[in-house]
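The data below hold one chain only, encoded as structure tokens and taken in the form predicted alone.
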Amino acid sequence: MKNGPVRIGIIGSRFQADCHAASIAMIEDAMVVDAVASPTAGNAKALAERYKIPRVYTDYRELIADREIDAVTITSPNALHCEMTLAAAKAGKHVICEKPLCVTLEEADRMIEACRANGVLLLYAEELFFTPKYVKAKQMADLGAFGKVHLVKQSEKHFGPHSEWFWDTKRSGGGALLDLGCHGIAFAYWFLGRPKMLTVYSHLGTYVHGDKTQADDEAVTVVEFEGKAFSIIENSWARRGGMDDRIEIYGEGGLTIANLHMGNALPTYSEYGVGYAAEKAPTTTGWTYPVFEELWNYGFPQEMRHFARAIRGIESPQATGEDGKVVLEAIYAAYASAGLGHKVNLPYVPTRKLPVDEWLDRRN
């Protein structure tokens, strides 16, 4: 069992790395950031200065070789998740991997096996398992408040990603469905108690950002589960006005609806758009809805505290590499469904290398 705070190295230096660093700073009794690695030295240095991180590397392999590091968090482009996980596992480091787990099912298998073989944890960073409003909804459902739940809806929408690499399908593996739909699919799977997924149906389109990407910027996906339940997942990279994230849960005896931001936001109007930030909003002029205690409302500090306790052997991991693989397989099937124009059965064996190619190859 690991005693004392888990010493973390962050691979990456942009938006998600900042979320991890800020969240870990909120739980210093459980986890501390000892190093950051990024080929963009200026961004890494700025992140280190912002959170008083003592060591900066420009090569993630140097961070992994650092003997002071117990675990790494991977916030790099999706196509790099596998190689970084394999290197970290070989060095005996636990791995916290941002979603999606990787970009192919073969990579997922290699990551899971490498961590198992080297006796380290592969922790899948799905913060919706820790989002306070959403956790409360599941607690009520598990206690029988809604009777048998038959429908789980989850939507996440904004005007596009923070980093340019997301637009490049070779680095990202997909568009809004892969980037955001992995949250909704994982959430429904978790909320319903991880039942077997039976079928997937999806409609995709590139409606707004065709000048930047071939990938989808709008997606609606329906997943059917064993036990007469289904989910509707809505995702958008084309929604103006900042982030919108919500759930709806329906059972034969009741329902609950949660909007992640409303009730935690300050309706704000500004002619100048300075002095504050509204996540995923391209501008802060006019009306916006900045969220107070934003990271806590998303569940990031709670997630990191749980991961620290899992690494220390105090708790069983709630989100693992196996969960990430289940979600990725459903996403492959969803892209294939959009390309074929009909429902696709699970399990699904990919016919293309990247998830988005299952749609693009058939569409073209």
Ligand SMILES: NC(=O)c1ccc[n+]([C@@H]2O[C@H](COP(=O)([O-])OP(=O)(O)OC[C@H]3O[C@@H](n4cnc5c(N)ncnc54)[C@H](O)[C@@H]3O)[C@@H](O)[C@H]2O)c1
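Everything numeric in this text was worked out from a predicted model, so none of it was measured. Residue numbers run from 1 along the displayed sequence.
What follows is about the form predicted together with the ligand, which we do not show.
Practice task
Indicate whether the ligand has at least one heavy atom within 4.5 Å of a heavy atom of residue 163 in the model of the complex.
Solution key: Yes, residue 163 is a contact residue.
Exercise for the section: Although the ligand is absent from this view, report whether residue 75 comes within 4.5 Å of it in the model of the complex, heavy atoms only. Expected result: Yes, residue 75 lies within 4.5 Å of the ligand in the model of the complex.
Exercise for the section: Could you confirm whether residue 352 comes within 4.5 Å of the ligand in the model of the complex, counting heavy atoms only? Expected result: Contact check for residue 352: no, nothing within 4.5 Å of the ligand in the model of the complex.
Practice task
Spell out, yes or no, whether the shortest heavy atom distance between residue 37 and the ligand in the model of the complex is within 4.5 Å.
Solution key: Output for residue 37 is yes: heavy atoms within 4.5 Å of the ligand.
Problem - Heavy atom contact within 4.5 Å of the ligand in the model of the complex, the stretch among 232-240, 253-261, 77-85, 209-217 - result: It is 77-85 that comes within 4.5 Å of the partner.
Practice task
Establish, in the model of the complex, whether 12, 127 and 179 all lie within 4.5 Å of the ligand, using non-hydrogen atoms for the distance.
Solution key: Result yes, every residue of the spot touches the ligand.
Handout entry: Residues of 294-324 having any heavy atom within 4.5 Å of the ligand in the model of the complex, listed in sequence order
Key = Sequence-ordered list has one entry, 300.
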